[in-house]
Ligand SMILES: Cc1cc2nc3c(=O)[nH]c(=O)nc-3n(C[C@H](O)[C@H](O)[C@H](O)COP(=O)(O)O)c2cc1C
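One chain comes next, on its own, written out as structure tokens in the form predicted alone.
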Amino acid sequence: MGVAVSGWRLARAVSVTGQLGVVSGTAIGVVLARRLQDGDPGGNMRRALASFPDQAVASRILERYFRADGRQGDRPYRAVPVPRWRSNRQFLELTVAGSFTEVFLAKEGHTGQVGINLLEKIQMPTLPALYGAMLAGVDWVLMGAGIPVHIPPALTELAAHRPATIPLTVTGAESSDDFQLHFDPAATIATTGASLPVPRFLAIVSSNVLAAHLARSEEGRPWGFVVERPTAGGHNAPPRGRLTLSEHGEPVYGPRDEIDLAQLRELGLPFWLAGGYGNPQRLREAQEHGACGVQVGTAFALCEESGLAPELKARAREQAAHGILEVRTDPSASPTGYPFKVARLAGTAANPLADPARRRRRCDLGYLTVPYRRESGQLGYRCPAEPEDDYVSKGGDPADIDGRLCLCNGLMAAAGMPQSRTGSGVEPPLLTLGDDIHGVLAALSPDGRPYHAADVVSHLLAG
């Protein structure tokens, strides 16, 4: 759904119904820092940090970011450290604490199950984010957008408070290079005690080949799969084979992009289906094909408990009710090169009537930067959505720049935490939803009225 959309409030609301509520772990350190700078209404962040295992770390974070009176006017958010191969201690502490806080609040006051979702493609924050979630007792880990074969053994090491290592993908790396991401819990957080429970790991896949590869792995075998179709919101797997665009400029998916569910069943692992399954009939179909259930995003993204800015949710529901909300699979919006679903809503970064020049290119959050090997053997970092001259000077292909949007800043703005900049105003939001938005809201909010997470669950189970 994006950054902080499936936040602790939404995950908790789903979990108390008996289903699996999942928090987003993307840029979770930035989310914590900005909530604190907004004054922490309700005191939720501070209450969670009061239970953090290392109170010295919690105190440093509060001292650096908490503003009792919130931000005044257009005062910008304080910058946070960006992800790097060898991230500094401040970044690691903030990421661990952010992940802990989100899961702690999602699990507070009930016995339901809570998971955390991370993108394999965003590698540098992965290990500290996992560890923070595990300190809070996360029950499940979901990860896609890559081949997450190294995550199960990392979870085992982190559960024992031992150092964990995963490989870092580096553009231009040579065979003699050994770029590894290493995280030592004891070097970041002062924590002692018994081993932590190892959460169940679900790999998000979109092909039988990847599912079979992961299922055969001795160390990286997941507990099960989430099988995501290209109709789902957010990032989609690119079509297999040569890229073909429709008359509307969207990627064309064909038979090669369909998952053979019979083959998937033969792997003997539980699976859930995602992408267009937000109604009772599709849930029944999934179960008839052997799935344990479905994963739903879009219906929850526009409910009252989601982390989307309230005004943005209201406008999206209203426009969907009038049949004028368009969701487009944009082949170039994401700096990752993966197709990305964008809702064309007025006032957002994806508004087709907006002037693209009104936002000055910049890269100050850095979660989608790609590490590349310099001639010296050192690492550099570049992103197709950063200033064009900067990207090209780092060896980036100019052809990669056209149409790229800053997902980091746009998705953060959609969650009600837009950066404000002197001379260039406030960051515009970027809203991502699935292709089934109109069908979903026809049942849940035909007139654009608000609804709750429990209404979504009741609707899905009604059949």
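All figures in this text were calculated on a predicted structure; none of them were measured in a lab. Residue indices: 1-based, along the sequence shown.
Form predicted in complex with the ligand: not shown, discussed below.
This chain is displayed without the ligand, yet in the predicted complex the stretch 226 to 234 from 105 to 113, 127 to 135, 73 to 81, 226 to 234 comes within 4.5 Å of it by heavy atoms. Distance criterion of 4.5 Å from any heavy atom to the ligand in the predicted complex singles out 204 from the list 363, 154, 264, 204.
Contact annotation: of the candidates 329, 336, 188, 117, the single residue with a non-hydrogen atom within 4.5 angstroms of the ligand in the predicted complex is 117.
Remark: residue 29 does not count among the residues lining the ligand in the predicted complex, judged by a heavy atom distance of 4.5 Å or less. When the ligand is considered in the predicted complex, residue 429 lies well away from it, no heavy atom lying within 4.5 Å. By the criterion of a heavy atom within 4.5 Å, residue 274 is counted among the residues contacting the ligand in the predicted complex. In the predicted complex, the ligand lies farther than 4.5 Å from every heavy atom of residue 94. Contacts between stretch 296 to 317 and the ligand, counted in the predicted complex as any heavy atom lying within 4.5 Å, involve 296, 297, 298, 301, listed in sequence order.
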